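The chain that follows stands alone, in the form predicted alone, written as structure tokens.
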Amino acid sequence: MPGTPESENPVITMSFSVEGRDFKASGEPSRRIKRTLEQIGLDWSVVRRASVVFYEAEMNIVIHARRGTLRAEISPGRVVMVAEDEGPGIPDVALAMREGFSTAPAEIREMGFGAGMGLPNIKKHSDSMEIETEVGKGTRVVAVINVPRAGGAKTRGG
């Protein structure tokens, strides 16, 4: 299974359990990861991109799965997001990657979630993304956001 490249071991690893349909707690793991990225001083554009990736992955677990894990692997050159769930799996990955395609039930869409932008947004805001899925078992998504070398970084407002 894909994961962090062996050549760059994570400096910080954060892992969170995410429960399906727990909208009350949803967003907290993503916020904690974002706060950590800000505290270590990453470029605001990397923080923003990573925040989108982690939030979308977390919400996919909340919306579609029974439970899952959201993990951040932060190293000097990259931020890796690993989301693994126990859920229905994705029968047609190509279809799931189309903006606007959603299998979320009506009650979830009525709450303002499940617009079919999760996987497309993860792909759009990451430098690479891999999906492994098995129908009836679950899905694993790994996304990498590369961190620019020092000197080319921009700070908020600068």
Partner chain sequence: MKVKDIVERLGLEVVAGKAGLSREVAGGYCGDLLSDVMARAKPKDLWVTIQGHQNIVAVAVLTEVAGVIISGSVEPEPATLERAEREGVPILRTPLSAFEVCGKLYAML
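Note that the structure is predicted; figures quoted are calculated from it, not measured. Residue numbers count along the first chain shown, from 1.
Omitted here: the form predicted in complex with its partner chain. The next part is about that form.
Interface residue among 91, 100, 112, 41 relative to its partner chain in the predicted bound form, by the heavy atom within 4.5 Å criterion: 112. In the predicted bound form, none of the heavy atoms of residue 64 sits within 4.5 Å of a heavy atom of its partner chain. Looking at residue 133, you'd find every heavy atom of it more than 4.5 angstroms from its partner chain in the predicted bound form. Contact between residue 51 and its partner chain in the predicted bound form is found at the 4.5 Å heavy atom cutoff.
Contact check for residue 69: every heavy atom lies farther than 4.5 Å from its partner chain in the predicted bound form. The three residues 10, 16 and 140 each lack any heavy atom within 4.5 Å of its partner chain in the predicted bound form. Contact annotation for 9-33: residues with any non-hydrogen atom within 4.5 angstroms of its partner chain in the predicted bound form are 23, 24, 25, 26, 27, 28, 30, 31, listed in sequence order.
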